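Two separate entries follow, structure 1 and structure 2, each one form of the same protein chain as structure tokens.
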Structure 1
């Protein structure tokens, strides 16, 4: 009798885990891929330099290692995923352009499943030319060997994906608003919008109007209209806010990434962000619940 109860319990448990596994897999595979990336990737000094600048300012080194050798986030992130940022120099040799583009801009892994930890939504508005330059740089970077464990999605993460309303990266990347300023009519403003939407929307909301989804809430970047050009430059260059305030994650990324922004980048970014104050803040967006 006892044996039968034990067997029944075991079968039930296996069924539950199996169901959870299948449901979370189905959600991760529920992605809408764009047509394959066909923009030509040319490897020359100019594209490699451009790609290096993009990788530096967009934080690829911070997460994938200073030599792109990959990084194990298992002990660092409070998220039940054994997140392993792969060795990008190696990955770029092993995968074609379309696969790289799908991971970078669309949040879709080579396996066809959605990514869960990589912030592709911050890169989804990168231009085709810049995406190609980034790929050219990664593919020409020297490969530094690095042993990395196999990534694994824990059961709690699977639960979050299946039932907890956790949005995967393809959903996030899809939700980033389109760029609105016409680069032919207003080239400087368009450059400012482009920089904001590929640098700052990782934390300040997909539309730059603030986020309070997790971690510290971040301000609506319309706040820049109350900050002088000089103060703004100081915040970006040092990651220290007004009144010498430390800004958490922003302090961290500013010191790693923003020293590589050019003076022209800051000149373009500042005036665009000040114009946000004159625009309505979109409501009903998931990053401002």
Structure 2
């Protein structure tokens, strides 16, 4: 009798885990892919240098390693159990342009499954030309051998995907607001908006007006209107405030990315962010619950 009870309990447990796996997989595969990327990817000195700048300023080196060799984040982020940033130089050679674009801008893996850790929302408004340049650079970068384990999504994460309201990266990328400023009518402001929406919304909310989903709330970037351009430049280049005050996540991110921004980038970005103070803060968005 006891053996039958144990067998029944085992069958129920296996059924429950199997059901959880299937339901979480169904959620991760519930994606709406855009038409395949067809913009030409030309590998030459110009596109490679442009792509290198984009990879550096948008954080590819920070997550994928300074040689794009890939990283194991299991010790730093245990929610997925094993989060792996792949070897990008190798990945770019193994996949076609459309597959790479889907991962970069849409948050969709080569398998057609939504990604869980790639911040595609920071790239979703990247232009076709810049996306092509980024692919050209990644495909031209030397492959540095690095053995990495297989990514793994644990049962706690699968429960949150299935029942806990977790949003995968395709959902995030799809939620990024469209660029609003007409580049023909206001080219300077449009360049600033483009930079903000492809540099800053990874941490400061998809609309740049702040977020509080990452443990450490990030401020509304309308706060830039309270500081001078020189102060802004110091913050964005060094990640520190007055008196070298540490600024949390900004300190961590800025030093690896933003020293590579040009003076023109800062001249375009600063005035755009200052205009946010005169605009209402959107309500009922999931990144500011």
Ligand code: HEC
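Residue numbers count along the first chain shown, from 1. We call the rigid core the largest set of C-alpha positions that still match within 1.5 Å between the two forms. Keep in mind the model is a prediction, meaning the values are calculated, not measured.
Undergrad: Only one of structures 1 and 2 is the form predicted on its own; identify it.
TA: The chain shown as structure 2 is the form predicted on its own.
Undergrad: Does residue 45 count as moved between structures 1 and 2, where moved means a C-alpha shift of 2 angstroms or more after fitting the rigid core?
TA: No; residue 45 is a residue whose C-alpha shifts by less than 2 Å between structures 1 and 2 when the cores are overlaid.
Undergrad: Please state whether residue 29 has a C-alpha shift of 2 Å or more between structures 1 and 2, with the rigid core used for the fit.
TA: No, its C-alpha moves less than 2 Å.
Undergrad: Using a rigid core fit, what is the CA shift at residue 243 between structures 1 and 2, in angstrom?
TA: Displacement of the C-alpha, rigid core superposed: 5.2 Å.
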